[in-house]
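Single chain ahead, by itself, as structure tokens, in the form predicted alone.
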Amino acid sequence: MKTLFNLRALIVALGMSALASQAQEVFKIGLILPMTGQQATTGKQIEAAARLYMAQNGDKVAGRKIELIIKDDGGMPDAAKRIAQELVVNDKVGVLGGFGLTPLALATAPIATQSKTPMVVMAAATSIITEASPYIVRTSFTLAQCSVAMGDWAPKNGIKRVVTLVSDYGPGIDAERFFKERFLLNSGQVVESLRVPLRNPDFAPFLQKVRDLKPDALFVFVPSGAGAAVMKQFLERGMDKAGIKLIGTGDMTDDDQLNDMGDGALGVVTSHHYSTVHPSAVNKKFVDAFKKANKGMRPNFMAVGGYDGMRVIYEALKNTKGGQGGGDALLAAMKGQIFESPRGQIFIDAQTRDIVQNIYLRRVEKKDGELYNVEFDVIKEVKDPGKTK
């Protein structure tokens, strides 16, 4: 009897020792981001936001020290996949995060599935991404969410004939499709649909064609970082003076680059899920802290995706007592999270693992000598339309 009691005591002691050992282990979060190349601004915004979240909330959760590992994929899918393998196998990360472009997220998805590692998509925005692995959770947005909103607004505001101009890859094709479907449903006419190469795009010949077609408006989607080039060439061709309005998703008037676009951007209307001047106390605190930590740099929609992504990871760790139960338990704790983000109330849909959020109509205005995307209308609790078809 005494021997049995001792054996039980030993098992309990070993179990407690294992839990204590786990509590002392470092929990690693691997962020795979484009820190160089065309999408470098995306990587820098997400890294800055992730580091800010850790600075504000500490580097320990449920007794486990958090280590952030940042890896540059240069915007190349093969590099993203290789880095993900190394992070899972060699660094033994508990969560993968980041993913600045759709092809990078899709390339990494099989690694997340095979290793049962939760993968938090903080930037990439094609509808199909969450279907690529049951371990993917998204804290960014989808182009379908934003494009449908613009497809409703434009025809109600005197825009009847439109040309669409999008980058030729997943998010661009989603933006074109969902804007077009909704615009046509509202009795609008899409005169032509143009697609520009993602790599080293030259917008000039496409914009000249748009000028010749003389639509009421040009609807644009380009990834974060490319909007300034479109704006510059749009103005150089005098398209605004020819009476062609510029509309699109908020990537085009990226908060990070908007001031550099000049007064020619005034009046441009976009639909998106975040603006630096979103009028809430939570956002004001976030923007002030972000600027203070990053030499006055404005946070953009990529930053808010990274910031909220870190919160989702931290809360999941708290709810699993430091990640007990592994990747499946962490994933379960990420689903269904509801909280107030700097962008407004958000919700991680437990069925789709995708984000449900408000979409705002914004107009570029000048305030205190600077350009901002000022919200003037909102569509609340928008699910990804790509998941309802």
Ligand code: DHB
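This one's a predicted model, so the numbers in the text were calculated from it and none came from an experiment. For every residue, the number given is its place in the sequence shown, counted from 1.
Unshown form predicted in complex with this ligand; subsequent notes refer to it.
- Between 305-313, 219-227, 255-263, 181-189, the stretch whose residues reach within 4.5 angstroms of this ligand in the model of the complex through a non-hydrogen atom is 219-227.
- Although the partner is absent here, residue 143 sits close enough that one of its heavy atoms falls within 4.5 Å of this ligand in the model of the complex.
- Within 4.5 Å of any heavy atom of this ligand in the model of the complex lies no heavy atom of residue 164.
- When contacts are judged by a 4.5 Å heavy atom cut-off, residue 301 counts as touching this ligand in the model of the complex.
- Proximity of residue 98 to this ligand in the model of the complex: non-hydrogen atoms within 4.5 Å are absent; the residue sits far from the partner.
- Within 4.5 Å of this ligand in the model of the complex, a heavy atom is found for every one of 102, 126 and 171.
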